[in-house]
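Below you'll find only one chain, the form predicted on its own, shown as structure tokens.
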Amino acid sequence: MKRISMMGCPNVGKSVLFSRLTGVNVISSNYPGTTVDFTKGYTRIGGEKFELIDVPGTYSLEPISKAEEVARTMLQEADIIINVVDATHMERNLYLTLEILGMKKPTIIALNLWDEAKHIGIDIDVRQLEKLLGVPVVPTCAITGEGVKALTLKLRAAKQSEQIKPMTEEERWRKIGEIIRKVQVVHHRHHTIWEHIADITVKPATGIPIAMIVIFLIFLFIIQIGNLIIEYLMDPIFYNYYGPWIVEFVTAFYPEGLVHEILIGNSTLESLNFTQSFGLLTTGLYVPFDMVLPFVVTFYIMLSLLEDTGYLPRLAVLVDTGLHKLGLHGSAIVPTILGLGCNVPGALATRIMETEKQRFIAATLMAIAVPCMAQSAMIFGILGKYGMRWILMVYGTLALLYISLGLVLKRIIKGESPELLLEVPPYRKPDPVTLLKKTWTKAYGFLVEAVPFVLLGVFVMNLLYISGVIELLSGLFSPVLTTLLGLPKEAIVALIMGFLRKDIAVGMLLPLGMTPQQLTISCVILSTYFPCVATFVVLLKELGIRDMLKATGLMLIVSLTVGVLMRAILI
């Protein structure tokens, strides 16, 4: 079976084209560098089966990051190369094209975003471009499917270029200029409204206030819409239909005893107790579906909008100067934003940072100060009824930690922090179908990952309560919890659960009758003291044992210090 590697610069539409060719559920993100690991699929063309690889986006074959190392490896292993080129930024894309053609691999060019090039007044002579490059060139629009069939029909015509030889950097840029002069004509036209918006959202004077408003509106949307879904949809389902039915069903078979306690806890028809019963079929299902899922869905809707419209790269440009002071650059906003959804992809996204220093700082700051959406949903749920100021206090503390720790780590971690090299794409109208598909995929992934952990955690905690282990641990750690942190000794339950799932750990605070001050301190401690087990495994793989031990030690020190300081201020 022949292997086809699909290669191109970041943000040229490779993932969408890959999905068109293979049918694999791969979602396009309008942000450079989001495809870190390669994706594999299969396609049949003319009765022959091909293995298709979606290679991480790269600007050059001279690797300076892990993603670019993967790209070069995939090129060397491929039988055929589909080089996806952005027709709206052809000059910038041709540098990689000439490198690929110089490697003497059978290649075909997919000239993508062909429709957008026409809209902005760019005319490209495709036949002349084919002659100059020495390989087939097919105009495509991956979003609509235009040109995809023609690309598959021409795939067998992929060939090595006789016109392009290996070049020096200076020779390559000179060749690019020559090609552009011969094949491209740009017509004069007036700026569109989207281009005016693009200008004001990337300039600091106007862009920073707009970014603050956008972020505020996003979180307002998440909180308000999430609460409405809970109040008018999820709570009625659980309290009016599911709860009475499951209690009656379990009680009919197990009126009392161990199995009754494990399945529904102390819930009865007269008193449904979804948050404090610790039953597998009550708390175990109520927490992920009612308390967390509505916020997760609304978060991913907003994240998908930011990605698909092209706003995320502009946000990276805006925060670049500030993040440099923390030893990072603007691209570090990617693991931060992804971490707000789930820390696991956030940890994986640190690969787009060029140096070990940047990867360590980005991963550590995310693990300490960036709670995932599931955890945030729980924080909103338990603190929201006391007022917005308690939620703001939690996130204000985490933001302060992110900045202060970054300033310290920049000074003590050895290594380099290179400048930001980022392509800012034009604003694009998001496709509603893709938006819904992306949201569904991520929400479904959350449920598949979260529900088993929730059920396991509830089951373990129930057994620990019944066996008296919780009481033993509470007594053992009570000096730290009560004296230093001002929390009830029973909070050890949440700390133990935090190793499995942070969101469930926050939910474990509900039965303890804590004050808003104690809940606020607990939420900050649970956010900072240790990553969940899934994130820990990924960070261990990304950072290595030595750096992971450093990060873990830092987390524990920060958590205890912040907890003591907050107790002194709030209690």
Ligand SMILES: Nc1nc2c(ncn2[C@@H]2O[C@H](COP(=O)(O)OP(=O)(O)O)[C@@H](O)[C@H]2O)c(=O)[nH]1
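Only the largest set of C-alpha atoms that superpose within 1.5 Å between the two forms is called the rigid core. Predicted model, so just to flag it, every value in this text is computed and none were measured. So that there is no doubt, residue numbering starts at 1 and follows the sequence shown.
Beyond the structure shown, there is the form predicted in complex with this ligand, which is absent from this document and is the topic of what follows.
Trainee: Give me the residue from 116, 261, 290, 320 that has a heavy atom within 4.5 Å of this ligand in the model of the complex.
Mentor: Of 116, 261, 290, 320, the residue with a heavy atom within 4.5 Å of this ligand in the model of the complex is 116.
Trainee: May I ask you to choose, among 437, 174, 324, 428, the residue with a heavy atom within 4.5 Å of this ligand in the model of the complex?
Mentor: Contact residue from the list: 428.
Trainee: How about residue 141 - does it come within 4.5 Å of this ligand in the model of the complex, if we only consider non-hydrogen atoms?
Mentor: Contact check for residue 141: yes, within 4.5 Å of this ligand in the model of the complex.
Trainee: Would residue 548 sit within 4.5 Å of this ligand in the model of the complex, counting heavy atoms only?
Mentor: No, no contact at 4.5 Å.
Trainee: Closest heavy atom of residue 99 to this ligand in the model of the complex, within 4.5 Å or not?
Mentor: Contact with this ligand, no.
Trainee: For residue 559, is any heavy atom within 4.5 Å of this ligand in the model of the complex, or not?
Mentor: Taking the distances in the model of the complex, the answer for residue 559 is no, it never comes within 4.5 Å of this ligand.
Trainee: Thinking of this ligand in the model of the complex, which stretch from 107-115, 150-158, 488-496, 383-391 has heavy atoms inside 4.5 Å of it?
Mentor: Stretch 107-115 is the one.
Trainee: Which residues in 292-322 have a heavy atom within 4.5 Å of this ligand in the model of the complex?
Mentor: The stretch touches the partner through 308 alone.
Trainee: Tell me, please, whether between the shown form and the other one the C-alpha of residue 138 is shifted by 2 Å or more, with the rigid core used for superposition.
Mentor: Yes, residue 138 moves 2 Å or more.
Trainee: Hey, does residue 375 budge by 2 Å or more at the Cα between the shown form and the other one once the core is superposed?
Mentor: The answer is no, as the C-alpha of residue 375 shifts between the shown form and the other one by less than 2 Å after core alignment.
Trainee: Superposing on the rigid core, does the Cα of residue 15 end up 2 Å or more away between the shown form and the other one?
Mentor: Result for residue 15: yes, a 2 Å-plus shift.
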